[in-house]
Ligand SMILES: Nc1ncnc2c1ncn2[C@@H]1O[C@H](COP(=O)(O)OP(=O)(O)OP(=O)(O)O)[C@@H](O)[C@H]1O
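Only one chain is included here, represented as structure tokens and corresponding to the form predicted on its own.
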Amino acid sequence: MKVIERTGGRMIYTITLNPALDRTLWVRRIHYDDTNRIEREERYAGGKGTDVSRVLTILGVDNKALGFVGGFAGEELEGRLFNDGISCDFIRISGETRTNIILNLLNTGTQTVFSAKGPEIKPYELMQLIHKVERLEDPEMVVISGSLPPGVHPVIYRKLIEILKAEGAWVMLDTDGDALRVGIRGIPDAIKPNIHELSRLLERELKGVDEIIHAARTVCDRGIRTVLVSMGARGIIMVGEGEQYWAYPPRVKVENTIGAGDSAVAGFVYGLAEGMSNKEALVYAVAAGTATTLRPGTAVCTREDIMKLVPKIEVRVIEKGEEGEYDKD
């Protein structure tokens, strides 16, 4: 596997404040008020930032995962990441890393996710992370993503972004709700909300392409240079400084959707790390996100799958005034 070396010793980091073990179960069907037999079970290291680290590693990009881990679940999560070849530097906490349950019904082909809150983070543990980020040497690119654990105020994302920007890092934020609303006040270089997260950020439902682009432009006006809006099988709309693109994948058989958005973030970061333009990096974002849907598991894809999809991704310029409804299917 080719490893992309960062010039001058600079490094790509991911920050995940609320990582998780993803316990994925397959059952034939649900029998209510009766015993349900599990036909298959897998466990994966999860959490949005750790998903990004996994896919960056698959793509050959040297990176390091930061965040919080605790208890036996935290030990297992970190061990799984090491076995995947991912470099980690987590803060140890007194609480237990959360475990999410992902239930796959074989008779319907549906997937249901039960997401745990996570452990409460103590103030001194939070400060340990802040000090670690302050001491990072020449961070080049940093992805901050995921939900906030109990006990952590959304202002932490703004603080981390401001620290990293002062160090000259390019920063992407991928989160939702108040964490996104407060975090973008730190002016990250890019954000990647999905259509629903962008709607919540601006407190209005977005349907047509025009509405999505106008909403993304509104966010850009706050100083965010690039907004990637993911729309599932419909691809990604990217709005940036003087550019508007819509990239979409071919139809594929979807096995899983867990970590697809995080994989898209990794694909975009990979493209930029390789010196590509935003438009070129967008292609790799859609290819990586789509590749993850081909295989069961959390952000599990292969470099081969991604590269096979790259020439099949279509990109077009979105002209002002273009109409179209967002198809939720």
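For every residue, the number given is its place in the sequence shown, counted from 1. No experiment lies behind these values; they were computed from the predicted model shown.
Only in words, not in the display: the form predicted together with this ligand, which the text now covers.
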Name the residue from M238, A190, M141, I258 that puts a heavy atom within 4.5 Å of this ligand in the predicted complex. I258
Can you pick out, from G95, G186, P154, P249, the residue that has a heavy atom within 4.5 Å of this ligand in the predicted complex? P249
Just one of 97-105, 191-199, 73-81, 131-139 has heavy atoms within 4.5 Å of this ligand in the predicted complex; which? 191-199
Using a 4.5 Å heavy atom cut-off, state whether S230 contacts this ligand in the predicted complex. yes
With the partner left out here, check for me: in the predicted complex, does some heavy atom of A65 sit within 4.5 Å of this ligand? no
Can you check whether A266 is within 4.5 Å of this ligand in the predicted complex, heavy atom basis? no
Quick check on A45: any heavy atom within 4.5 Å of this ligand in the predicted complex? no
Taking heavy atoms and a 4.5 Å limit, what residues of 87-124 are near this ligand in the predicted complex? none
